[in-house]
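One chain is shown next in structure tokens, namely the form predicted alone.
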Amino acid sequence: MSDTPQLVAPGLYAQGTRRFTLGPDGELRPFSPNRSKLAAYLKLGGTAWPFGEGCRVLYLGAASGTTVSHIADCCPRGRVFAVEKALRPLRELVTLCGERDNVVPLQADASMPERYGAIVGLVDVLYQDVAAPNQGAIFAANAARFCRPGALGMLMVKARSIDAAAPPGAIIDEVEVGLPPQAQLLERIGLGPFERDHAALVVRLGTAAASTGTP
């Protein structure tokens, strides 16, 4: 297994290599699959990397901002709208924003996109990592409101947050079936052993409803 450092960028997906993002001060930052579901997705063979220099991203379930920071570093001329409901991780997220002026922290419930619609506008990527029973519905509502035609959606499904008793695979199947009608499934990758009973669903969104915000 190679231990050669590789930057997270298009074309650098060789499985088994170490991955890094380039921080705002030019330092290489290890992108660990043990700390980020996005890194786990890449480690396990995921190939989608939509985070270009000018990319606009809506991130639902930002927590304290570990993955947000890596995405922001890859979109230096873009904007990451980071939605988090809980106050405690939000405080750490706000601290992160002092170091990266392309991150906009939003305290809001991701199931109520109307609360932040006027701020976000249209985006190129919707990334969701929300622990809620209605994860699929949250993803669909935000995709319809904010995603440009052809936008990429990345949904980190937390099966046990939906149903603690049902088989995780069956739960993920249900979420997949319930994806928005305009969504084309590109990848489905289980995130074990890094995240048990989790899967990444990556979709291409063909159409988007008009947003109340400013693109």
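Don't overthink the numbering: it's just position in the shown sequence, from 1. It should be emphasised that the depicted structure is a prediction, and the values quoted were computed from it without experimental measurement.
One more form of this protein should be noted, the form predicted in complex with a small molecule, which is absent from this view; the next part is about it.
Using a 4.5 Å cut-off to the small molecule in the predicted complex, not one of Gly52, Cys75 and Asp124 places a heavy atom inside that distance.
Proximity of Ala63 to the small molecule in the predicted complex: non-hydrogen atoms within 4.5 Å are present.
Residue contact check for Lys85: one or more of its heavy atoms lie within 4.5 Å of the small molecule in the predicted complex.
Mapping the unseen interface onto this chain, Ala110 counts among the residues with a heavy atom inside 4.5 Å of the small molecule in the predicted complex.
Of the heavy atoms in Tyr41, none are within 4.5 Å of the small molecule in the predicted complex.
Think of it this way: in the predicted complex, the small molecule has a heavy atom of just one of Leu96, Ala141, Ala132, Ile119 within 4.5 Å, and the residue is Ala132. With the partner omitted here, the stretch from 54 to 62, 164 to 172, 181 to 189, 146 to 154 that lies within 4.5 Å of the small molecule by heavy atoms in the predicted complex is 54 to 62.
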